[in-house]
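Next up: just one chain, as structure tokens, the form predicted on its own.
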């Protein structure tokens, strides 16, 4: 059985890799670290012009219509380049929420703008440190007005609209909010990786438009499942780049008259890194299949993809620094770019621990159902 992407998507991946190698060398994320720019606006415009922001959006709504697998392919290359752009917030989350739960009118209104890159979207969930349980949300909407505060909203300082999770009870749990409208206060917050900006957003009577299909806390989890898969691909792209960096350095760095890659300790380190990368990649492919087919296994597939990618991100980027030795910790080396991003993405969409709990719960429910059916 062939689990590889189609020839069309492979060509898209190669095109994306060449484009990002040319337009997003390490100097681009370093520019964001060294300046007050929240993201690479020039790169974002070029990405939108390439049609990437509308990859999964059907053509009838102004998109390219390549489907969710195309987003996974692009996400991996964005992760490989550590691109400082709001791709995950706008594409994996805001766009996906509207496609899954929006009305026909909302799709006609917002999807063309998101596809063209005219606007940037994001998703606001967390209200306190720790696990983000949708059932415990306190933000609420009354008479079309939203009240509540969201912490560390990814790209919340630059986004134009936000899909906000609230405790809706019997009403929709996801609402669209114009972040440039009245009743919205934004404050940029510092994170481990400044190349991806975050903001604290307070809503005090902001006008909120419900996504009618988002009934119940499970819809929030469904959105996170769909977003977790391309996020896993983005993490895989980052760890593959970190592995490639470590492997290249091990071949060119000499100690005691021979490349350090010839020493057993470095060989074992690189082998362990490779195993982590391939485990993450195989689980991401499983998730891609589940997303593409809207399979019943999606909650499990998304969880294992997310967990494997988080574990690989932590291990591989850390070992890349170790492979470089004392130089790996210095600012002039690029190792820290991948380590920062891996640490940040490990906490996105809820931390790895939350996804482990979700996986355990899903397996428990399915095993109980199977036993009852037997």
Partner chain sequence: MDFEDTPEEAAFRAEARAFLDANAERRKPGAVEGYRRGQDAPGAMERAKDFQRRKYEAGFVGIHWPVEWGGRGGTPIQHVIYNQEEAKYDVLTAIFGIGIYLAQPTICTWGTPEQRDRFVKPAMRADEVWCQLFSEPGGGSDLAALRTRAEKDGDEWVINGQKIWNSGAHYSDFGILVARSNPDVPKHEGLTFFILDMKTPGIEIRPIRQVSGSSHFNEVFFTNVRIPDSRRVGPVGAGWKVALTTLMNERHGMRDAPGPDVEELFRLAQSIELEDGPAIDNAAVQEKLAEFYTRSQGLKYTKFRGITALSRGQTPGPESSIIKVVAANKLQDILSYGLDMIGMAGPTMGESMPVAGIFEEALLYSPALRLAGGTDEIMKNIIAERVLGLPQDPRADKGLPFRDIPTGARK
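Residue numbers count along the first chain shown, from 1. From a predicted model like this one, the values you see are computed outputs, not experimental measurements.
The same protein also has a form predicted in complex with the partner chain, omitted here; what follows describes it.
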Check: Of the options 147, 126, 298, 184, which one has a non-hydrogen atom that comes within 4.5 Å of the partner chain in the predicted bound form?
Finding: 126
Item checked: Option touching the partner chain, based on a heavy atom within 4.5 Å in the predicted bound form, out of 214, 283, 88, 197 -> 283
Next item on the list: Determine whether any heavy atom of residue 261 comes within 4.5 Å of a heavy atom of the partner chain in the predicted bound form, and answer yes or no.
Entry: yes
Margin query: If we define contact as a non-hydrogen atom of the residue within 4.5 angstroms of the partner, is residue 18 a contact of the partner chain in the predicted bound form?
Written below: no
Item checked: residue 272: touches the partner chain in the predicted bound form, heavy atom cutoff 4.5 angstroms -> yes
Next item on the list: Check whether residue 133 has any heavy atom within 4.5 Å of a heavy atom of the partner chain in the predicted bound form, and answer yes or no.
Entry: yes
Checklist line | Contact segment among 163-171, 250-258, 138-146, 99-107, judged by heavy atoms lying within 4.5 Å of the partner chain in the predicted bound form | finding: 250-258
Checklist line | Interface residues of 278-314 toward the partner chain, as seen in the predicted bound form [heavy atoms, 4.5 Å] | finding: 278, 279, 281, 282, 283, 285, 286, 288, 289, 292, 300, 304, 307, 308, 311, 314
